[in-house]
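So this one's two forms of a single chain, laid out as structure tokens and tagged structure 1 and structure 2.
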Structure 1
Amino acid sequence: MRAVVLVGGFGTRLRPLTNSIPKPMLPVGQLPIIERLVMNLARGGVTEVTLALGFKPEPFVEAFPSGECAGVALRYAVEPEPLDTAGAIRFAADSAGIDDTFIVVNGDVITDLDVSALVAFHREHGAEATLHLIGVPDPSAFGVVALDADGRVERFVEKPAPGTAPSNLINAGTYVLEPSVLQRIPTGQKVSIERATFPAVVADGGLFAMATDDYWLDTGRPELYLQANVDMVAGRRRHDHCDAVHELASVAADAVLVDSLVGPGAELGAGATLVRSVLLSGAVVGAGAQVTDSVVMGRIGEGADVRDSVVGADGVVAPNEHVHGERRPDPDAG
């Protein structure tokens, strides 16, 4: 089974973290997001993944120099220009020579979904395309999917007013597609699979969907990226686990960690406190500093208090400074 993973976004919502590293290479539980995603695909029977990239593949090639990840062969399809989701899928599938049933995954997604079960559902229903759905408490901020009793998609309702949604099920970003779906997508054009291709498949009665209650998270925003890491160290994942402190990190004996991760090369000083936070590679937290609900790549001075913030690789918090709800450097500055 082959898969296409959409990793062409610029990671704008995660800036300033993505100023220095592509979003799919940011770590969740000490491993890159893309590696966690591919590991789950491998568990579902995927043997080859094509990364649909919007820019240079070098960071991925450097991370996986053998041309494989989690035992899965990697290919790279670099778009000559942004093609949106459907255009990127068509370009990547053509590049890889895909001519059989295949899987597509949004590169932001962290999930415990059994992909083989989604493929089985797809085949049992004779679907042209199948979506993975997840239930959310408040679907009004999402595109909601309405199904019939057989799991056939009847329509999409975009951001329904509270209380008017036909269900609480939303598109969770994993699809099983037949090659015929590719023929619906014009080559070399900017096309959205959500807004153009899927509605066309619905009109022909060929789009089905399977809902599960598996762990699922879109890591595209800082608070959700942070949550994905905290969930990993807290043992909330079915298969994936990690050490809270990387073996190449430096953590003072009297530092305090609560539901937090410390990455390779990061330093946590004497008497410092880290609560529901992540120190990425190269981060430095000075003695006596407190970091809460934050992601740090840069430097936190001694005695500083940092809360609900994101500090990128070039970000600095001065000694004894109090920072709340900030991003440093400011991604909107300049």
Structure 2
Amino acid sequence: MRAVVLVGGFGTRLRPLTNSIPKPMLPVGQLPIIERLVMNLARGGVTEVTLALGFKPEPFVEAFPSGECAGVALRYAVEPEPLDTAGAIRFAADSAGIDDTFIVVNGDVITDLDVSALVAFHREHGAEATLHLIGVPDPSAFGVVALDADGRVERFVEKPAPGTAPSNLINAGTYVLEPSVLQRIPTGQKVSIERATFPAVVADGGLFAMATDDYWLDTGRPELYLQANVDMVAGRRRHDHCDAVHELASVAADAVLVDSLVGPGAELGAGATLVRSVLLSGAVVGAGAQVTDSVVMGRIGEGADVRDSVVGADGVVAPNEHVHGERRPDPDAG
């Protein structure tokens, strides 16, 4: 089974982290999101993945120089310009010569979904396209579906106004598609699969959906990216585990870590405390500093107190400074 993984977005909601690293290359549990995602696809029977790339393709090619990731063969399809989700799927599938049932995944999805079960559901229902669904308390920020008793999608509503959603089941970003879906997508232009292609498949009665209660997170927002990491180290995943401290990290003997991760090359100074936080490669936290509910790539001075914040590669917190609810550098400044 072949898959297309969409990794060409700008990742604006994760700025400033994505100023230096594209979102799917950011680590979850010490490995890039894309590697975690491909590992799960491999468990479900996927043997070849085409990465639909646009913005910053180089880090992907450099990270997997052998053209292989988690035992799966990788292909790269680099768009000349961003084509949006459906345009990117068409471009990548054409470049890989896909002509059979295939899988599509958004490159920021972290899930324990058994993809082979989604494929089996798709085949049993004779679907043209099948979505994976997850139930959430507030679906207004997502694509929401209304289903009939057979699992056929009756309506697909992208980001409904609060209180108007037809169900609490949201598009969880993994699809099984027949190649006929590709013929619905015009080439060389921006087309959204959620707004244009799926509604057309619904109109023909060919869109089905399977809801599961598997672990699932869309890592697109900082608090969810942080949660994905904390869940990994806290052992909340079915298959995946990781070490809290990478073997190439430097952590002082008296530093304190609670539900936190320290990545390769990161430094945590003497007496510093890390609670529900992630230090990424390049982060330096000075002695006695306190970091809580934050993601750090930059430098935090001695004795500083950082909470609910995102510090990018160029971000600096001065010694003894208190920083709450900030992004550094501020992605909206200048």
Ligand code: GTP
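Because the structure is predicted, anything quoted here is derived from the model rather than measured. By rigid core we mean the largest C-alpha set that fits within 1.5 Å across both forms. Residue positions are counted from 1 along structure 1's sequence.
Open item on the list: Of these two forms of the chain, identify the one that is the form predicted alone.
Closed with: Only structure 1 fits here, because that chain is the form predicted alone.
Open item on the list: Please determine whether the C-alpha atom of Ser250 is displaced by 2 Å or more between the two structures following superposition on the rigid core.
Closed with: The answer is no; the displacement is under 2 Å.
Open item on the list: Once both forms sit on the same rigid core, is the C-alpha displacement of Ala141 at or above 2 Å between the two structures?
Closed with: Yes, its C-alpha moves 2 Å or more.
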